[in-house]
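Here's a solo chain for you in structure tokens, the form predicted on its own.
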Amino acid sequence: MLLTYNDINKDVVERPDVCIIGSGAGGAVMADVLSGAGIDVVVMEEGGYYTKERYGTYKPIESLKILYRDYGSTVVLGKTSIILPLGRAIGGTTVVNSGTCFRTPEGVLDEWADTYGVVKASPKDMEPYFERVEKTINVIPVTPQGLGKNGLVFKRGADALGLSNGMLKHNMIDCHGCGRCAFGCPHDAKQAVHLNFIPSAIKKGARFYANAKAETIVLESGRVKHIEGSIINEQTGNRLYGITVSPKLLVLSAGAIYTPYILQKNGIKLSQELGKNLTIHPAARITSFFDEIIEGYKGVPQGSYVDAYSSEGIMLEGIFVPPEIALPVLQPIGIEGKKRAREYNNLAAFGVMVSDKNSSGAVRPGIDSGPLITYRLHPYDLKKLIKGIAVASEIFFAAGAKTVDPGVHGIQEFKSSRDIAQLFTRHLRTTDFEMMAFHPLGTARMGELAGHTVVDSFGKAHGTENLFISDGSVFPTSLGVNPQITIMSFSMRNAEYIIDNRKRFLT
């Protein structure tokens, strides 16, 4: 059963075995696995329920309003402000992400075991979960035909320089290459969890409440007693009815920003590490101009990669968005703005993403009704970002670009590869870079070292009896790759742990 605010006409009272807050990569998988074991599950999701019949007819700018939190403009504060888009809908960020699928790097899993004492999460332990998740969401490589010219041009440059590159894997079936991944796939080609794990969980008896905002968690003597919230009118934002859920066990899957925020605003501290250790994979965009027609908005936007410097924590992945999203950022006003609009079909773009293992941020309650997110980019990680921008620029010139815009304040478009040296000869600061980020992790990190972690190796919150966390917040370090497969696989593993210990947690 899936109910939205339109389906509810009175206060809701539920007494399930398990309540899950959040329906994204972590919550959806948790709900499916638990309900498959005969466990009664209720899922609360603050966002609405949207399908291709609705968002498929919307322009991208309109999709930002319904599928993202804060219209896609959640801000991380620090020496420079960084936009951190967060999905808010049944299916969470999987509805609006790029669809890129990486397994957790083996070195990352080894580090978690060695440094944080995470148990039973070795590459061999995780292999069956990776396989099951990938099969369910149909993970396959992007084909050259589906890639689009933006990706093909960049690959041409990488090949010319002899740099390791390839096609990214995506969760997709019969992709049309329409370039709309980040705004809700209008063809249901991208296999977000609202197309697989959630329908499966519903068939097994799970109940999903959309537009259901969790507000109060009552915890007494280490046990969650109940969750109180509101059914929200998605059109007005007004409260319509109350919802009270009294479960035997609570799973928080609200993401690395809102999981710690919900706990903090309810005075549930768990650990001194809660809300700390935030990583976000800082990213930059490099744009180039070609004489040839590119039409970068056609094809899979994030379809290819260059991993030649992945051992240094630098990953290059494709990006592109429709003109109505990009043009206001690239050149917002004046004659240059008109010129850029006319040249849009000749533009190519690519992204640089860094593994921010040296940087750190925090989440805490803000002065209004939302979280305050802060972050400090370490100088070493900034150097990685600069090197990534330089490499991407070299690749574009090797592919035949006439000019390259590095997106760095005070540096004009590069006219040739010789100009790239400016990135290393100038004294560049964090504030000189236009950055975004996409993968918040780490604010409730897991491990068996209770004083340095928030949850144990299976997501059970230290010092509690019936509270679990299952989302990106539990990962102790930056991954260096897109996290959705990692989140889903660990959620599946943790759900099986709850099932295996149901007498302990569900009686």
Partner chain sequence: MAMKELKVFDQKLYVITQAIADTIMPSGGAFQTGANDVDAALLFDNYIDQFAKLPLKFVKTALYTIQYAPLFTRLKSFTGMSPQQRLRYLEGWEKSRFATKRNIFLMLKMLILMPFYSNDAVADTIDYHPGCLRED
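Residue numbers count along the first chain shown, from 1. Bear in mind the structure is a predicted one, so any value in this text is a computation, not a measurement.
A second form of this protein, the form predicted together with the partner chain, is not displayed here; the remarks below concern that form.
Just one of G148, G388, G229, G313 comes within 4.5 Å of the partner chain in the predicted complex, counting any heavy atom, and that one is G148. For the residues K135, H409, R223, R418, the 4.5 Å heavy atom test against the partner chain in the predicted complex is passed only by H409. Here the chain stands by itself, but in the predicted complex one stretch of 398-406, 175-183, 263-271, 304-312, 175-183, has heavy atoms within 4.5 Å of the partner chain.
Looking at the partner chain in the predicted complex, residues Q235, I325 and G334 each place a heavy atom within 4.5 Å of it.
With a 4.5 Å cutoff on heavy atoms, A160 does not count as touching the partner chain in the predicted complex; it lies far away. At a distance threshold of 4.5 angstroms between non-hydrogen atoms, K169 is out of contact with the partner chain in the predicted complex. The partner chain is not shown here, and in the predicted complex it never comes within 4.5 Å of any heavy atom of F208.
Residue contact with the partner chain in the predicted complex: K52 places no heavy atom within 4.5 Å of it. Taking a 4.5 Å heavy atom cutoff to the partner chain in the predicted complex, the contacting residues in 278-316 are Y297, K298, G299.
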